[in-house]
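One chain comes next, on its own, written out as structure tokens in the form predicted alone.
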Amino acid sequence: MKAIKCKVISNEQIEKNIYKMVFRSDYISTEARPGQFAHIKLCQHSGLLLRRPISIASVDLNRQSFTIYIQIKGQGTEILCSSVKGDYMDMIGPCGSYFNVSEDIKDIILIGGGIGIAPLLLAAQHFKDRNITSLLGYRDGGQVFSVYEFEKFSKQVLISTDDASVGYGGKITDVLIDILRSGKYDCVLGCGPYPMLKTVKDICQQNDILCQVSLEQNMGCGIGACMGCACKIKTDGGYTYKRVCKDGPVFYADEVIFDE
């Protein structure tokens, strides 16, 4: 992890409020692992001091570039999405822990919801030699992105939308239940909203299957100093707090306490 300036190669709106940005960086494209993020500084004239943590979605070693997806959720992400080709952005990265999957694990389920799907694309790319099943949950058909990219690295891709406009109508966790009934899998890697991840954790516990989750959290410093992104982690005697930015964002699902 180091601070660098990355040049914007391209920036395009791919769906409503969702942008795909590609940056030039030999360092991040080489060093990034699935689940890690770039901590991006907003322009100095924005008046916003905190960087924005954005998951790294894919890398291209030949072009020395990497891709992120940003969903506009406020002023900060709106400023990021206004960047144009040729701009330079101040980043720290790649940050945080990553999905750690041993070589003996062959059959992997990726399950993501909303913009939490983005970091799983790098997991699909990184573990492309395994048997990947990708489960992608979206709010509606206007939010569906990156399906064709998952298809390049997965043996199957299943989609759900809350309004049933594309794919299965309902929650992607319902699809996970059906998949686990019909086949044998070694582990589940998930990213998305906390309620979805809590359900994924419960399903995996019921099916005795290993599960890692990448937590989405607002961050302050992004390097573990401010504790602004603390989450509850189980201990033998109760629980402790760990930092999503430094100790995570990837944790074993069994150790995360998802408060109601």
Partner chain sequence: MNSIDMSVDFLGRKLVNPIVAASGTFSFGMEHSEFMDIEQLGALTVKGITVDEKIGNPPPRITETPSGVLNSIGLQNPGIDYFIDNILPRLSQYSVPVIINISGESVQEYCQIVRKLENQPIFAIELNISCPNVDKGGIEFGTSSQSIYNLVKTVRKATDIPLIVKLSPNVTDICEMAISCEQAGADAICLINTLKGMAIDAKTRRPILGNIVGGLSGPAIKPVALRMVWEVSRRVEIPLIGMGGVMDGQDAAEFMIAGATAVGVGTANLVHPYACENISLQLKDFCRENNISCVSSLIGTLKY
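Numbering follows the first chain given and starts at 1. Note that the structure is a prediction, hence the values are computed from the model and not measured.
The form predicted together with its partner chain is left out here; the points below concern that form.
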*Flag R243 as yes or no: does it have a non-hydrogen atom within 4.5 angstroms of any non-hydrogen atom of its partner chain in the predicted complex?*
yes
*Quick one: is V8 in contact with its partner chain in the predicted complex, heavy atoms, 4.5 Å cut-off?*
no
*asked:* How about Y252 - does it come within 4.5 Å of its partner chain in the predicted complex, if we only consider non-hydrogen atoms?
replied: no
*Consider N218 of the chain shown here, and say whether it contacts its partner chain in the predicted complex, taking contact as heavy atoms within 4.5 Å.*
yes
_The unique member of D90, D87, D162, D186 whose heavy atoms fall within 4.5 Å of its partner chain in the predicted complex_ = D90
*Where does its partner chain sit in the predicted complex: which of 202-210, 57-65, 30-38, 220-228, heavy atoms within 4.5 Å?*
220-228
*May I ask you to list the residues of 1-37 that have any heavy atom within 4.5 angstroms of its partner chain in the predicted complex, in sequence order?*
M1, K2, A3
